[in-house]
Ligand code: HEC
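Form predicted alone, single chain, as structure tokens, below.
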């Protein structure tokens, strides 16, 4: 009887530990997804600021330059924002499609295009040529769209 009680207690502890681990993992993935979403929100805000400024008769480089830098810095963070288990299979709310993990080379290529495009925008902004900045901003927009079309759930 004592051996049976010990076995039941041990099994309960193991099951509880597995459950605790699963809960901790889910909480960790929730944090990852929240951070990823926050990163994209900051990118969207910076992009909106640049686009708004470029519509003005005399765009301010003082607005464009720091926002271009935010885009470039944030674009580089995208690579670490999609660990395995942080997609739809997590059961958590995310707009990320499973395609990200099914086609990692394609996702990485799209992510690299974004980093390259935002880097070119930083360079264009540093130069101050508004026509060049507009062209670079359009390339950033195209990189965003390309990734959204393949790897983000449609609204």
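Because the structure is a prediction, the values reported are computed rather than measured. Numbering follows the first chain given and starts at 1.
Here the subject shifts to the form predicted together with the ligand, a form of this protein not shown in this document.
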| query | finding |
| --- | --- |
| Site test, 37, 44 and 110 vs the ligand in the model of the complex, non-hydrogen atom cutoff 4.5 Å | yes |
| Residue contact check: residue 136 to the ligand in the model of the complex, 4.5 Å heavy atom | no |
| Proximity of residue 67 to the ligand in the model of the complex, heavy atoms at 4.5 Å | no |
| Residue 95 within 4.5 Å of the ligand in the model of the complex, heavy atoms | yes |
| Residue 124 within 4.5 Å of the ligand in the model of the complex, heavy atoms | no |
| Residues in 128-155 close to the ligand in the model of the complex, defined by a heavy atom within 4.5 Å, in order | 140, 143, 144, 147, 148, 151, 152 |
